[in-house]
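Next up: just one chain, as structure tokens, the form predicted alone.
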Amino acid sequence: MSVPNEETTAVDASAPEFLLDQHVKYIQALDTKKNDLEYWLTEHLRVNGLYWGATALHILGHPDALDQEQIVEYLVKCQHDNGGFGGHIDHDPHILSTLSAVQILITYDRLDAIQVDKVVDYIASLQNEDGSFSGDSWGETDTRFIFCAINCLSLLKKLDDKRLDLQKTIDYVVRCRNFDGGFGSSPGGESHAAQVYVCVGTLTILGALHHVDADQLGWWLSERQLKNGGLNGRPEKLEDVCYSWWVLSSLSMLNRTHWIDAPKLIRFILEAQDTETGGIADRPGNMPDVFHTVFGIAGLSLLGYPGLVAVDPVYCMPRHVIQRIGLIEKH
């Protein structure tokens, strides 16, 4: 049974109402929009979209709002013989969709439906000599893919696989750290809040967070808040609701969420809600989508917004799920 966050943040009485019921209906309706061009243009993100929607519903306290058996059957069809999952049926396997599939199945407690050992084989095959991970068999590297691999192996309790060299992975991530305390997509890459999340998350899971200067990075992250309360991903960029997750989760892992103005950020997220259809947009006045909906809701949960189920800042899954599988004491 999901439980709301124990610690709550005071909400500005003049802030917009949180449209919980409308957000549930918005997510439930996503798979019925097959006449929309956007539905087909995002086919390659179908598994990721299911993770975003299912996770949002769990944080909203409505875990049964989607047909779980139907989702599990669909995910089984997305797994390839090499163990990886494609973004949709008959799509090539990729580490991004593989992680999303595993996250959904663990949330639903249905790992029994897939071939877990093959998932581990697939991920192990993606580690490179320098400790990084490729996203798929084509060899593209990015710190996002490292986090997806380590996150997935951690969830599956397979970080002790002898084929892995985790010290090389730690060393590679540390090389992606910049003079400003932030992290990029590769060594020398520009600091970006999303890359900070995946690097800090990786180091947290691997017990190597001591490599991070928490004050310096915390300062860089808190500087992402703009006057309207929203957060951006890097200097001189527009605010975006999704950074309510990338920035806040990183600050949470560093124990510095109090370094931003929480009431102002809450107001910004609430103002980005679509009052007609439900869902949350990247910023107020734009069209909602499930990506910004889940990360807006997850951000509100991290801020202790009343009535929401607690989310884990490392795994971006309901905290009670991470507790159920025994990982809550790891970080």
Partner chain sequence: MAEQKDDVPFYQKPEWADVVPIPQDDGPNPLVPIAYTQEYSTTMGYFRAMCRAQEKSERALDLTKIVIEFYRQQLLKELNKDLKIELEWIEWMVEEHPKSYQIWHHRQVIVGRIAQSLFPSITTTPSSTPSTAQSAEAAFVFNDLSELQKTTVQDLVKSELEFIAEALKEDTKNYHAWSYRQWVLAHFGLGPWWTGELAYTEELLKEDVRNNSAWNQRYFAVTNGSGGLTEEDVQREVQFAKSSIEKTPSNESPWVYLTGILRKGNHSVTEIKEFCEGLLSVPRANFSPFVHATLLDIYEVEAKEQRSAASVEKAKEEATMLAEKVDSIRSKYWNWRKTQLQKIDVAA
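Since this is a predicted model, take the numbers as computed values, not measurements. Positions refer to the first chain, counted from 1.
What follows is about the form predicted in complex with the partner chain, which we do not show.
Considering only heavy atoms, tell me if residue 72 and the partner chain come within 4.5 Å of each other in the predicted complex.
Flag for residue 72 set to no.
Flag residue 184 as yes or no: does it have a non-hydrogen atom within 4.5 angstroms of any non-hydrogen atom of the partner chain in the predicted complex?
Because a heavy atom of residue 184 falls inside 4.5 Å of the partner chain in the predicted complex, the answer is yes.
Residue 215, heavy atom within 4.5 angstroms of the partner chain in the predicted complex
The answer is yes: residue 215 has a heavy atom within 4.5 Å of the partner chain.
Do residue 77 and the partner chain share at least one heavy atom pair within 4.5 Å in the predicted complex?
No, residue 77 is distant from the partner.
4.5 Å heavy atom contact with the partner chain in the predicted complex for all of 58, 154 and 158
Contact check failed for every one of 58, 154 and 158.
Of 223, 171, 121, 165, which one comes within 4.5 Å of the partner chain in the predicted complex, counting heavy atoms only?
Here the answer is residue option 223.
Looking at 115, 141, 125, 252, which is the one with a non-hydrogen atom within 4.5 Å of the partner chain in the predicted complex?
Looking at the other structure, the residue within range turns out to be 141.
With the partner chain taken in the predicted complex, which residues across 252-269 come within 4.5 angstroms through any non-hydrogen atom?
Residues within 4.5 Å: 258, 259, 260, 261, 264.
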